[in-house]
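Here we start with a single chain on its own, the form predicted on its own, put down as structure tokens.
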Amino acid sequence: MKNIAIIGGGFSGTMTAVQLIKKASSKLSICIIEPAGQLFKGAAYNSYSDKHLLNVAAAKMSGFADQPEHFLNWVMAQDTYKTKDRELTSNSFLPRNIYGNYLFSIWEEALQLATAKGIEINWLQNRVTKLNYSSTNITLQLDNNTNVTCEKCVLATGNMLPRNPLIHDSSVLDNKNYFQNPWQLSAVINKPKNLPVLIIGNGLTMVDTVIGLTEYGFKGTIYAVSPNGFNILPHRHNGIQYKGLDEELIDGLTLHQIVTIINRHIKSVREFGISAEPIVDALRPKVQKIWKNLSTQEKQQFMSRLRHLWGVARHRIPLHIHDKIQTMRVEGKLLVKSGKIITIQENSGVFQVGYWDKKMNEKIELQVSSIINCTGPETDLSRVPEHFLHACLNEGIISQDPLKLGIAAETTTYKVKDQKGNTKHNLFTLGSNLKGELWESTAVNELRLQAEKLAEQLLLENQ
């Protein structure tokens, strides 16, 4: 019996297991190593708030590429939605916790199928502390001093915590009121009413954090500081299909040529009072191929000059959530600042924060009760010494792409590349670890395809 270990039980890891179960024609042993309390949930779909919504409409959130209405059908069968209009529901942005329940139902069905097929499933609620590699097998050391040995191993580790701010006195980051993990409930509850709260970052996680703070009773001022300020856009034209890019975005174009074409089309649709949203949606299926064809220099140019603009266009939120954020800004409850954190000091339970304000062109001092880090996941494995992948990197078992956005790997087989550029025939990865190879590798429509193709690869390798 072949045995496969999957490190990570979020969407990517568990859907890989589901696809293995569905596609297996012989007995397997699958071990999923995930310390969280439930598979599938992760940070994305196990929110402390039912007001945290998906940023993609329900119609596009099926867990299976070959069953595009799978999620919608599941939703419409739930008691809460049985009497709802199907068309309206399909275009709605539903709570993430509902999606987590959907994914868990997929897992329960997969377990029944596994039993029928004689496939052995083990779920270990542990952390991997070290990966010992050989060409014949891989041994994983766990935090309970036990080992798991497997013939194939999948790195489905998902997102790291955000990078801590670079300040002179890093000891303040050990304070209980500094939250490196913005997705935990403790980050938004029990805040003193007489002092503001500081959020570092102005992306989607900042929006969720603001929603969480207000839901749990915080009525004070919220500061949000980031290099680019707040530029998040709402969904405005959900459902419009744009096909104008198909003939022009041909292979072999430079980054400059691609940007020129896209800008011309954006200008064209704006003449009809339409935002760039349909063009971005039309571009999304082409992004991975475009990214792979860019030179390293062009990718570096994109990261330094265009990354933020792409993030603004790509990561949109439901209109009513956007309206709430804007209302809070107008009322002075949310103060968004463009700048950089310079100093953080703590005195008698109060943080003294200094940041350089780009608009004012001067250093501004704030007094806040809590600091919540919403700067986005760390991708440079050399900066996470506590993680087993850091040791894998140092030992040359794995390597990173030149921009240190993820793990270097073949994107057709998902095999990891070592420090010398050679592929490891029994070590695989997917999901956000492939950001450096594919750029867009975090959304459900991408991850579900990766999980299916990786399962096929693993089973092919096991024949």
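Residue indices: 1-based, along the sequence shown. These numbers were taken from a predicted model, which means no experiment stands behind them.
This next part talks about the form predicted together with a small molecule, which is not shown.
field: 232, 302 and 379 each touching the small molecule in the predicted bound form (heavy atom, 4.5 Å)
entry: Not one of the three qualifies.
task: From the candidate stretches 150 to 158, 364 to 372, 167 to 175, 270 to 278, select the single one in contact with the small molecule in the predicted bound form, where contact means a heavy atom within 4.5 Å.
output: Going by heavy atoms within 4.5 Å, the stretch is 150 to 158.
message: Exactly one residue in 33, 427, 30, 408 has a non-hydrogen atom within 4.5 Å of the small molecule in the predicted bound form; which is it?
response: By the 4.5 Å heavy-atom cutoff, the listed residue in contact is 33.
query: Does residue 213 make contact with the small molecule in the predicted bound form, using a 4.5 Å heavy atom cut-off?
result: The answer is no: residue 213 has no heavy atom within 4.5 Å of the small molecule.
- request: Evaluate residue 58 for contact with the small molecule in the predicted bound form, applying a 4.5 angstroms cut-off between non-hydrogen atoms, and reply yes or no.
  value: Output for residue 58 is no: heavy atoms all beyond 4.5 Å of the small molecule.
- prompt: Would residue 4 sit within 4.5 Å of the small molecule in the predicted bound form, counting heavy atoms only?
  reply: No, no contact at 4.5 Å.
task: Evaluate residue 43 for contact with the small molecule in the predicted bound form, applying a 4.5 angstroms cut-off between non-hydrogen atoms, and reply yes or no.
output: Taking the distances in the predicted bound form, the answer for residue 43 is yes, it comes within 4.5 Å of the small molecule.
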